[in-house]
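Just one chain is shown here, as structure tokens, and it is the form predicted on its own.
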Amino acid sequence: MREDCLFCKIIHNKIPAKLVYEDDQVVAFNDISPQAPVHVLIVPREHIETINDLGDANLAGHMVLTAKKIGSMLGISQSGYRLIMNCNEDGGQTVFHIHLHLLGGKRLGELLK
């Protein structure tokens, strides 16, 4: 655990959060600044700062499959959802503990034109 990491504090119950899902590898909770009606963050229990530091393909795959499971649990699988991971400041990363955004619950606009 990194003492200065917001997500590590959530994972270790030092900051309260309403968990949507958890297992031995990840925890998932609602984003505090949602960009869609459903905006869940899927965070590995292991502190990994950026995608550039990720070395475990199984963990990345588990995060995506967890998003699929949560999408089904929250009733957005059929209508659709978006998955986003940001890397470093220019990529939009604001918390340096990798996390997968699951967004849905409405028709999402295009990101890039």
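Small disclaimer: the values here were computed from a predicted structure and weren't measured. So that there is no doubt, residue numbering starts at 1 and follows the sequence shown.
Omitted from view is the form predicted in complex with a small molecule, to which the following refers.
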{"property": "Any non-hydrogen atom of Gln78 within 4.5 angstroms of the small molecule in the model of the complex", "result": "no"}
{"property": "Contact flag, Thr50 vs the small molecule in the model of the complex, heavy atom cut 4.5 Å", "result": "no"}
{"property": "Contact label in the model of the complex: Ile10 to the small molecule, heavy atom within 4.5 Å", "result": "yes"}
{"property": "Close approach of Cys5 to the small molecule in the model of the complex, 4.5 Å, heavy atom", "result": "no"}
{"property": "Answer option from Leu41, Ile70, Val38, Ala60, heavy atom within 4.5 Å of the small molecule in the model of the complex", "result": "Leu41"}
